[in-house]
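Below sits a lone chain in C-alpha cells, taken as the form predicted on its own.
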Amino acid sequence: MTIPDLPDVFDSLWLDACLATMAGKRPYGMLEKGAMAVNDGRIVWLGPQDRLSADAVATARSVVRLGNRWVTPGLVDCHTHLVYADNRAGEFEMRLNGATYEEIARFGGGIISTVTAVRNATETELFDQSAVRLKAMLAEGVTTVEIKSGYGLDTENELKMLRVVRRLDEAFPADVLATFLGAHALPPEYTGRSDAYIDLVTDAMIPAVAADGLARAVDAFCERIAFSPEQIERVFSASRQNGLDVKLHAEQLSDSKGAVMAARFGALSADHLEYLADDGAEAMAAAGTVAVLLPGPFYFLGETRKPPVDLLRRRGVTMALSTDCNPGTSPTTSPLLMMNMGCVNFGLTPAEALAGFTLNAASALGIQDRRGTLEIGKQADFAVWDIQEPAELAYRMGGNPCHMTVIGGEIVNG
C-alpha cells in the first residue's frame, strides 16, 4: 500500500479502526489497526495507524477513537420504491389465507391499491411516511439510497413522487437519488391501451422529469404482466434523448430478453433476473451492466426460481444487492437482512453480499467514482460496526450492530 503525504491538519481523524475498505485484492480490502483522515467531507488519508505521527493526531480538529470496531463503506441501497402511501398488510394476510392474485386484485389489492393511495396522498403525507423508512435505513449504515417513482402512473402523480424524493434528499444527510419508473404498470384508465400509455410516458412524462431535473435515470418493467421489449425500447430511446441513464426490471417472471436489450442501451443495471439466460449474462458483462439481485421479494412471495448466480460469476457480471423496499413484495428497510438472504437463498458469499451493498451497488448507480469503497479522494461515508469480523454482517438474522453512521465525515447516527 502506498501511503500518501499527510496534509498539514485534518478536519477529523478516525483512529483504532479495523477497516474493510472493499478495495484492493485482500478479502474485504481488510486493514486492521488502521486509521482514516477526513478533510472537507472526503477521505484524504487512509493507512496503518502506526504511520501517523503524534503531531498529526495532536493537530487534528477532531479525533474519534473507534475502539477497534470494524468500519465499512457506507451501505448503498441501489433499488428501492421507498416513497409510497399506506401498506398492503391486508392482502398479505389474504394471500396466507389462500386468496389468489386475481381475488386480491378484485378486492382492490395489488399495485393498483398503492397507486390509489399515492394519488390520494399529499406530498407532505408521502414525505412523512417515507421519512420513517429512510431513518431506519440510516440507522443500519445506509448512506446512499436510490428511490423510484412508479406508483403515480400519471404525469401529475409521478412528478409528485419525484418531488418527495427531492425533499428527502434535502432533509436528510444521505445521498438520495431519484429514478423515474413511469413504465411500472398499466394504470386502470389505460386498460387495453398500453401503447397509448407508453406514448404518455415518452412524450410527456420523461421530458417533464428531465426539464425539472427530478431524476437521474429511468427504469421500466419489462415483463409479460407489464410492458414488452418493444415498448421499453421506446422508453429507453426517449430517456437517452433527454440525457437520462437507464436501468431495467428484467427477467423476473420469464426470459423476455430484457437484459439483452438493456445492455444494448448501456443500462446501469438490470434487476431481479431470476430467468436470465446465458445470452443476457453475456450481453450484460460486455456492456458493464450490473446485476441487482433482490432476495426480499423472492422470500416474501415464496418464489423458488433463483437468479443464476453461478452464471453471473462465470460471465464476470458485477452483482449488487438491494432491499427492493416496497409495500407489496418486499416491505423491508434492512440491508443486513438482505445480505443474509442473499447468502442463504441465493448462494452468495458474505464478501459478495457486502460488496453487493457497497462498491457494486455504487456501480449500479454510476457513482463508483465517489462512493462504495474506503479510498483516498472518495466521500467520507462509512458505517462503524460492533462486530468481530465482516462476515458477521451477513451472518446475523435480526438485530442491528451499527455503532454509528458517518456521512461526509459527520456522525449522523450513533
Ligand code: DI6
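Numbering starts at 1 and follows the sequence shown. Predicted model, so just to flag it, every value in this text is computed and none were measured.
Just so it is clear, the following notes concern the form predicted in complex with the ligand, a form of the same protein that is not shown.
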| query | finding |
| --- | --- |
| Candidate from 216, 88, 95, 234 lying within 4.5 Å of the ligand in the predicted complex - any heavy atom | 88 |
| Selected contact from 333, 329, 157, 256, since only one has a non-hydrogen atom within 4.5 angstroms of the ligand in the predicted complex | 329 |
| Site test, 146, 247 and 269 vs the ligand in the predicted complex, non-hydrogen atom cutoff 4.5 Å | no |
| Partner contact for residue 82 in the predicted complex: the ligand, 4.5 angstroms, heavy atom | no |
| Contact of residue 151 with the ligand in the predicted complex (heavy atom, 4.5 Å) | yes |
| Proximity of residue 252 to the ligand in the predicted complex, heavy atoms at 4.5 Å | yes |
| Interface membership of residue 290, the ligand in the predicted complex, 4.5 Å heavy atom rule | no |
| Segment that reaches the ligand in the predicted complex - one of 171-179, 206-214, 157-165, 318-326, heavy atoms within 4.5 Å | 318-326 |
| Stretch 105-122: residues contacting the ligand in the predicted complex, 4.5 Å heavy atom cut-off | 111 |
